[in-house]
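Here you get one chain, nothing else, as structure tokens; it is the form predicted alone.
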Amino acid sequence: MNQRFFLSLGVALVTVSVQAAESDLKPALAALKKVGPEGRGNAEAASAWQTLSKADAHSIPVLLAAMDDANDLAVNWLRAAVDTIADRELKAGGKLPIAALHAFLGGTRHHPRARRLAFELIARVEPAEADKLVPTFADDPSVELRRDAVQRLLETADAALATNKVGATKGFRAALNAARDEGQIKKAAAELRKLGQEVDLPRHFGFLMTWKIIGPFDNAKLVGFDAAYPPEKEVNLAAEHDGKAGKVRWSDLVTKDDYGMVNFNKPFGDLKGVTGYAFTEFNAASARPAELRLGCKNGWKIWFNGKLLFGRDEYHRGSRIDQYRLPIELKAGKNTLLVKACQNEEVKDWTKEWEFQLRVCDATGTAILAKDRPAAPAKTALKTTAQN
């Protein structure tokens, strides 16, 4: 009997067990999924959790599947219930539904955290089998699973450095191509550069590098966030507008930063109490769902194809890659992006940054590149002629 037979059998077992257990657990699952922020539904969720955590091991796939349409709070409750059931079963000398867990793990459309939990349960019972699975996760849609495969690639490449630099180079390149975790990407990129290899990190992440910018407009006393300056009404790249200290026009800004940071201070100076805008076009190869991922420690707003997506009127609370994730629907061809960045009037050294980074990717963090984005020139990751 081949692996496909066992996978099919596992799928059948999952289906049967889900159908049998869902009927008994459905009310508790429904109650738990209503849990929300600020304590909403906590009492009901706690009661539902008591019911779910007393279920038998054959109910584990049901609880895992329930994560698919659950919010993050409910997922945490469900994970705790699964852990409780598994711990109790194994301590009592019982068994987990391994075939069903393998089948669930193979269902790549399931919630990434649920699939990760299924893998961890398999590893508790079949560590050798779980170990064999790790390399297969290098291109898995679950970042939680992919991280293990990338870590193994990094460790193997590290071990090869002393005796096989060609092998190490291939290993670090494979790790970089597969990595979606920021730390792993930085590790692979650093090692490749030590080995004399070119690395285009902006391309790997999908950072947008070429912009038109305009400013400064006013943000004294924080008036700028709510003020609708001319670029919010119409983006006319040939227009001239009244700015904070005179006429302002659109100009080019191409960032050379590895992590796509667009720094308004470079063209405009270290200004305070000001607002700036950045505009770019993204030429999508096809219509598809995507995410905009922003890092910014200033007040900001983003418009996509002329529609306001979101904004945050906060300042200097830290910035990181993928700090904000905004789902969008790319249309085939030209898409427009307008970013508003407001700088407050604080004068401490750590408040000087007036900048943002923005990338386009899918839900796994895999870059989506504009169809006219050029390859990185030889020996230089970026040049001022690069496009998004």
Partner chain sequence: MKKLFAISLLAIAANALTAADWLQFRGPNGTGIAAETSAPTKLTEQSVVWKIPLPGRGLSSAIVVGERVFVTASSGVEQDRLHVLCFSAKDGSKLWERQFWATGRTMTHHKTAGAAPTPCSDGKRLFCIFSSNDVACLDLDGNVLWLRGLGRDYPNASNSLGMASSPVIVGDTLICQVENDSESFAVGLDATTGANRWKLDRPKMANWTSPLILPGASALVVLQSGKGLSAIEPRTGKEMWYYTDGAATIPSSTFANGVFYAAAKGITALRPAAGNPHPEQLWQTAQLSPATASPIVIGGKIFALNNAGILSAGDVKDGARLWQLRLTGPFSGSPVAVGAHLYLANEKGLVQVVNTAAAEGEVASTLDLKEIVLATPSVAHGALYIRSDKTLWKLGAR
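Residue numbers count along the first chain shown, from 1. Note that this is a predicted model, so its numbers are computed, not measured. For clarity, a rigid core is taken as the largest C-alpha set superposing within 1.5 Å between two forms.
Another form, the form predicted in complex with the partner chain, is not on view; read the next lines as being about it.
Trainee: Looking at 254-262, 272-280, 97-105, 83-91, which one sits within 4.5 Å of the partner chain in the predicted complex if you count heavy atoms only?
Mentor: Flagged stretch: 83-91.
Trainee: So in the predicted complex, is the partner chain close enough to residue 75 to count as touching (4.5 Å, heavy atoms)?
Mentor: Yes - in the predicted complex, heavy atoms of residue 75 and the partner chain come within 4.5 Å of each other.
Trainee: Quick one: does residue 336 come within 4.5 Å of the partner chain in the predicted complex, counting heavy atoms only?
Mentor: No, no contact at 4.5 Å.
Trainee: Does the partner chain get within 4.5 angstroms of any non-hydrogen atom of residue 236 in the predicted complex?
Mentor: Residue-level check for residue 236: no, no contact with the partner chain.
Trainee: Would residue 46 show up as a contact with the partner chain in the predicted complex if we use heavy atoms at 4.5 Å?
Mentor: Residue 46: contacts the partner chain in the predicted complex.
Trainee: Within 4.5 Å, heavy atoms only, which of 147, 266, 241, 170 is in contact with the partner chain in the predicted complex?
Mentor: None of the others qualify; the residue that does is 147.
Trainee: Considering the partner chain in the predicted complex, which of 200, 126, 120, 158 comes within 4.5 Å of it through any heavy atom?
Mentor: Spelling it out, the residue with a heavy atom inside the cut-off is 120.
Trainee: Is it true that 37, 42 and 317, all three, sit within 4.5 Å of the partner chain in the predicted complex, judged by heavy atoms?
Mentor: Heavy-atom distance to the partner chain in the predicted complex: all three under 4.5 Å.
Trainee: Could you run down 295-312 and flag each residue that has a heavy atom within 4.5 Å of the partner chain in the predicted complex?
Mentor: Residues within 4.5 Å: 310, 311, 312.
Trainee: After the core is matched up, is the C-alpha of residue 38 off by 2 Å or more between this form and the one not shown?
Mentor: After core superposition, the displacement of the residue 38 C-alpha between this form and the one not shown reaches the 2 Å mark, so yes.
Trainee: Comparing between this form and the one not shown on the rigid core: C-alpha of residue 91 shifted by 2 Å or more?
Mentor: It does, since the residue 91 C-alpha is displaced 2 Å or more between this form and the one not shown after the core fit.
Trainee: Do residue 329 and residue 37 move together or apart in the predicted complex, judged by C-alpha distance changing 3 Å or more?
Mentor: Residue 329 and residue 37 sit closer together in the predicted complex.
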